[in-house]
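Heads up, the chain below is alone and in the form predicted on its own; it's given as C-alpha cells.
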C-alpha cells in the first residue's frame, strides 16, 4: 500500500471520536478474508499467517507461537461504552491487517509489518466492564476473581485489569511492532497496567506436537483436552449468555519459580516432587509421556508416585475438570536485594494461562487441591492472577465485542 509521508503521521487516536459507530457498521477497510484457524504453511516462515476472522478468535487453539505478550489494560472510564467499542474496533481493524502482514492504518513503521510470522491477536474483557448497569445482565456467572489461596503472594503490578490483549508471534520484532501499534493507538482511553512477556521453545526446533519444557526442565502441558471435545470444554455455547457464543474464558496466573533452591535438589527428588520422569515426561509408573498415571502402584510398600506430588494433586477427579493449558516461560532481570539479603540469581517463572468454557467448574477444583497441598509449592509462588471473558471472533462486518455491545 503506497502512502505519503504525511499520511504515515496520522494519529489513530484521533479516529476514536465517533469510532464506536463502526462497531455496528462494520470494518470494511480491514477485510482480509474469512476462516477459522486457517494457517498458511506454504509460505516461508516469516510470511506465514493465521486468519484473524472467524467464529472464534485466533490465538486460542492455534499452535502456540514462540513469543507472546500478555497485556493488561484499564479503561480510563470503564462506564464509557463508546470508548470500549472504539478500542475493540481499532483492535479488529489493525489486528486483522497485522495478522496478514499488512501495515496497520497510519502505521509509522509499515516495513515492520510485512513478516507476521504467524502473528495472532486475541482480546478479552475483565469483570469491571460489567459493573456498568447496561452490561450487568450480560456478565457471565464465572467472571470474577479466583478465591484467595494460601499459597498466593499476589503483587499489585500483576492484578486484574479491564482488558486483556494477547499478541503472539514466532518473531519478536513482529510482536514488538504489533504491541506498539495496538497499545499506542488507544492510550488516551486505555492505559497499559502490565505486560507479561513470555517465550516457548522456538518453532522448528521440535515437532509442534511435542510438549514444551518449562525452566525447571520438566515437560509442561501433557494433559490437554481432546480435539473432539473442544466444543464441550473450550467454546461457550451461548446458553447462559447468548452474546458469548463462540467465546471462552482465560485464567492468567503468573507463577514465580525459585530456581536457586530447586537446583539444590538432586534429580531423583525433583522427579518425586513432580511425579514424572524428567527425561521424557513419563509418569514414574510408566515409560512414555502419555502413559496412564497409576497412583496405586507401590514398591516396597511405598507408592511409586507420592500422593503429595504435583501430578497426583493436579490430576482431575471428574471428567469435566479439563482445560487447555497455554503456558509461557518468563525470565526477567533479578530484582535488587533488600538490605542484608543475598541477591537472587534469577527472576524466572511461568505465565500459566488456561482456557476453558467455565473456570469455576473446570479449573478451580484442581487449583484448590494444589493450593491445599502440592510438593511443588515449596519452589513456586503465584504472584499474579486474573480472569477474562475472551470475546467471540469477529467478521469484516462485525468487530470484536459486537455481540456484547449490540443494542446498547
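Numbering follows the first chain given and starts at 1. Everything numeric here is computed off the predicted structure, so don't read it as measured data.
Another form, the form predicted in complex with a small molecule, is not on view; read the next lines as being about it.
- Shown alone, this chain has one stretch from 269-277, 333-341, 199-207, 127-135 that lies within 4.5 Å of the small molecule in the predicted complex by heavy atoms: 269-277.
- For the chain shown alone, residue 255 is a contact residue for the small molecule in the predicted complex, at least one non-hydrogen atom being within 4.5 angstroms.
- At a distance threshold of 4.5 angstroms between non-hydrogen atoms, residue 221 is in contact with the small molecule in the predicted complex.
- Contact check for residue 139: every heavy atom lies farther than 4.5 Å from the small molecule in the predicted complex.
- At a distance threshold of 4.5 angstroms between non-hydrogen atoms, residue 350 is in contact with the small molecule in the predicted complex.
- For the options 66, 69, 49, 380, the residue carrying a heavy atom within 4.5 angstroms of the small molecule in the predicted complex is 380.
- Checking 81, 75, 143, 311 against the small molecule in the predicted complex, a heavy atom within 4.5 Å turns up for just one residue: 311.
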